[in-house]
Ligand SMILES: Nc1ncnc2c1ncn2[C@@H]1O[C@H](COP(=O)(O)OP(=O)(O)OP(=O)(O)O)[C@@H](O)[C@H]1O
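We begin with a single chain expressed as structure tokens, specifically the form predicted on its own.
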Amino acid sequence: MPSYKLSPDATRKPGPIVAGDPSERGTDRLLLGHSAEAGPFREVWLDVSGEQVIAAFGKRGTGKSYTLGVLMEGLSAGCGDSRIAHLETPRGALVLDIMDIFWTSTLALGDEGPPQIKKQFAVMKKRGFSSMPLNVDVWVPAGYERPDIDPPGVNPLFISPADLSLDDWGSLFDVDIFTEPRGMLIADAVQHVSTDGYTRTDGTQAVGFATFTFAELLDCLNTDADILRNYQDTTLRSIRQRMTSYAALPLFTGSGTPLGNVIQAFRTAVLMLGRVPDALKRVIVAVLLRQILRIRRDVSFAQKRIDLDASLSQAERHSLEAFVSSGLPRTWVLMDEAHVLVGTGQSSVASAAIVKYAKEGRNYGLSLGVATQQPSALDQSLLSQVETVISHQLTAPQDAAVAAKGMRSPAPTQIQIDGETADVDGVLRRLSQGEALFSCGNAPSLQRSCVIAVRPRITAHGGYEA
């Protein structure tokens, strides 16, 4: 590995490097690794006492997915002290697993078992770490389970059609909901079934329900007198066919899975999305993020009333406390290959939901961690919200330029790599596998970006070619 000598000193304080919280509380922190620069051994911790947005960059095979897994492991370590985390505040985590590689965090490393497990165990042991059980649950959208290859214990996720917005319906059917006849048909059907009600061709009345199913939408398309009169048969036939296909998906049957069953304090839910078609994937992500934002907004409001409103009666206070307890804990959302869902130039329900989550979530106790091998392909609206950058090796000029420009800490005044003078771009190009340039805007004691070596995983890493 290259020898890095940077100046001035990375921090104003001796001992471990701890960065991520502007108040430097350190009540909740995750072990990232250690300094990879010349000088004394110093552990590097991410302070997650406050909410934040972080990004891990790196070309394929350099460690960005591995780093996201390290963060996930820390968030799954449970309340209290461990070798990889110190957690006091109840938080949950949701991993949007685009490539289906994070379910392996349920597998402990050991010196017995398959060769890949033993190989990863040897790396972990050499670095002075040991395996420990983590609080991880694996989910998959209902209907996309594969019992013949899935590990045991995979949970099906259901979504209620009533939770889809009009934009979601447009994305699902690949139509413009406001200008195309097919889109306007969907909008009318949803409005009639959910709110207005309608008159059937036989003269009977159907009332609107806030919670509805695809079966009720199909009944509306087949019997609503106004819809049958106002839309052409070809338009009706096109939407009925697609609607029938979606109605057959187990994902949309029955009521949606309560988010409280998925996101729990001191636990991580891995949602495998690799098998799901892109249009449906975007809708699932949008629905979940909107739900998380809405629930946490209300929980945060109730908590502030408890904290600040001295006029509350005892009964009112108990009622608010019960509401908070029944809601979601503070939550991290982690997402690999982020450019797939929130790429430059994309306009989708998922990208809109992710950007909104990043912009507003911190007010409600929500954090976001994204990873991408193409930072230049990531939406600028999301990049602008990032406060911490962990950049592995990047050699494509456009990607290295985005990472260098996005460093949130001051650049070192002097950089030497193997005795030769270099700049930040030179560091990004020379980093070895597992090394990263760490930069944090919420770090009063951090004087500059610094080179770190990411700690070994303590559970199986699934991001390798097989």
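Because the structure is a prediction, the values reported are computed rather than measured. For every residue, the number given is its place in the sequence shown, counted from 1.
There is another form of this protein, the form predicted together with the ligand, and it is not shown here; the text below is about that form.
### Contact stretch among 42 to 50, 413 to 421, 394 to 402, 56 to 64 - heavy atom within 4.5 Å of the ligand in the predicted bound form
In short, 56 to 64.
### Query
Is Glu337 close to the ligand in the predicted bound form, meaning a heavy atom pair under 4.5 Å apart or at it?
Answer yes; at least one heavy atom of Glu337 falls within 4.5 Å of the ligand in the predicted bound form.
### Query
Should Thr27 be counted as a contact of the ligand in the predicted bound form, where contact means heavy atoms within 4.5 Å?
Result no; Thr27 lies far from the ligand in the predicted bound form.
### Query
Any chance Arg127 has a heavy atom within 4.5 Å of the ligand in the predicted bound form?
So Arg127 counts as contacting the ligand.
### Message
Taking any heavy atom pair closer than or equal to 4.5 Å as contact, tell me whether Ile458 reaches the ligand in the predicted bound form.
### Response
No, Ile458 sits far enough from the ligand in the predicted bound form that none of its heavy atoms falls within 4.5 Å.
### Task
Can you work out whether the ligand is within 4.5 angstroms of a heavy atom in all three of Pro161, Ser171 and Thr244 in the predicted bound form?
Zero of three within 4.5 Å in the predicted bound form.
#### Entry: One residue of Val123, Leu312, Leu249, Val355 in contact with the ligand, assessed in the predicted bound form (non-hydrogen atom, 4.5 angstroms)
Flagged contact: Val123.
### Query
Are there residues in 424 to 455 with a heavy atom within 4.5 Å of the ligand in the predicted bound form, and which are they, in order?
Gln433, Gly434, Val454, Arg455, in sequence order.
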